[in-house]
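Next comes just one chain, in structure tokens: the form predicted alone.
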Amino acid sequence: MLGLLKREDLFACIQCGKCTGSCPEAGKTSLNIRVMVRKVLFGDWEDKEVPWFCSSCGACTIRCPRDIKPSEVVVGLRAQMVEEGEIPSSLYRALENTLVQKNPWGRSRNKRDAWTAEVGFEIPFIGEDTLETLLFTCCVQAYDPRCMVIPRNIAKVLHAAQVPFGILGRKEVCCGNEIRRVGEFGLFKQLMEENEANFERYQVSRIIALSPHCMNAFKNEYEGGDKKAVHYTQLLWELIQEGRLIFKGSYDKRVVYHDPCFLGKQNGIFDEPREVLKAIPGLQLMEFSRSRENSLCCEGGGGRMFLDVEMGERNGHKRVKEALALGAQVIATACPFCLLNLEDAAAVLDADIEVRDITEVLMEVL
């Protein structure tokens, strides 16, 4: 088995090269999806380094005219290496941390709800009263000081809009999206079962996912295919349309929006984030030349947040340079991985540009 595939599925490949042509790593690294598929098909793939270059953006699968899901070939190769213990040491630590503490960084489960300390009001546990809406925080948003602002902002918005919600707090565990994509199917299944048990136990009817990666796992990777999950930008647009968010200020800046791969390419959510930004008074929305289905991957997915991969110019640097060329003052996005990678790129380039999550832009006018 190769992820969701069997080797015989690969006979449908016509070697057209659209997968490699759309891959953001092709030419920068030795990753060549077309060649990989061909060699796997005939059983002569031996390179243990190349599969880790993939960022799981999904562009190859979207472009494939025969629907053979080339990205799953990568996942399958990784799974084989996980079983053989041939994985990068930093990735091994991330998997071990997730097994023990239920998050790749190995932070204590007892601190999973530390982000709530500065919200200014008490956020109830999802099991209290008759709460049915769950606010689910990604691991990086629960623990990374830079990203903690995202759950805090959304919690404040929900509170102001009088939307009843709760959190799992210390019972929350990693969604497993990246764990599956690095090929650790056994650990992914454990995380999935624990999350699904919590959703059922506390009668969750709606999940507000703060990360596109979590939303994708719940909707597309879990056995139940949990259609109750929505991304926070979808909820924000609903609240704006219903008149439940009142703007009190103006955001007079030129903003270019970066489409996260797991929100856009893999789940087709392009319009809601843009509609939220366009609704903000004074904001001038701009577009990258590569946007929507063609958006340039930030290179944070597929376990790459835990790996130091040698390559040419990073995509984050390209993105920041293009934003500057457009005359943008702010790069806005809606994914914690994109936020961290683009902000790091701006810092390395000493670029005069801000990188903000959409919630941060919104909070300046509420």
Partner chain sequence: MEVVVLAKWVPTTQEEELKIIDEGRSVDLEEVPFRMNEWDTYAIEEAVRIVKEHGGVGWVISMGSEDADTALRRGIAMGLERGVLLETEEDLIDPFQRAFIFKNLLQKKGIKFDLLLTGGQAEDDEFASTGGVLAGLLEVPYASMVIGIEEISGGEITLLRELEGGLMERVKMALPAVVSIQTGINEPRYVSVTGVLSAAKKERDFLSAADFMEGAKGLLQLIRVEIPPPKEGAEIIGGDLDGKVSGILNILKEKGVYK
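Residue numbers count along the first chain shown, from 1. All values derive from a computational prediction rather than experimental measurement.
One more form of this protein exists, namely the form predicted in complex with its partner chain; it is left out here, but the text below deals with it.
**Student:** Each of Tyr92, Gly186 and Gln190 within 4.5 Å of its partner chain in the model of the complex, by any heavy atom, yes or no?
**Tutor:** Affirmative, all three are within 4.5 Å.
**Student:** Please tell me whether any heavy atom belonging to Ser108 falls inside 4.5 Å of a heavy atom of its partner chain, as the geometry stands in the model of the complex.
**Tutor:** Yes, Ser108 is a contact residue.
**Student:** Check Glu96 for me: does it contact its partner chain in the model of the complex (non-hydrogen atoms, 4.5 angstroms)?
**Tutor:** Glu96: yes, in contact with its partner chain in the model of the complex.
**Student:** So in the model of the complex, does any heavy atom of Gln101 sit within 4.5 Å of its partner chain?
**Tutor:** Contact with its partner chain, yes.
**Student:** Can you work out whether Gly268 and its partner chain are in contact in the model of the complex, taking contact to mean some heavy atom pair no more than 4.5 Å apart?
**Tutor:** Output for Gly268 is no: heavy atoms all beyond 4.5 Å of its partner chain.
**Student:** Within 4.5 Å of its partner chain in the model of the complex, counting heavy atoms only, one of 160-168, 76-84, 206-214, 229-237 shows up; tell me which.
**Tutor:** Going by heavy atoms within 4.5 Å, the stretch is 76-84.
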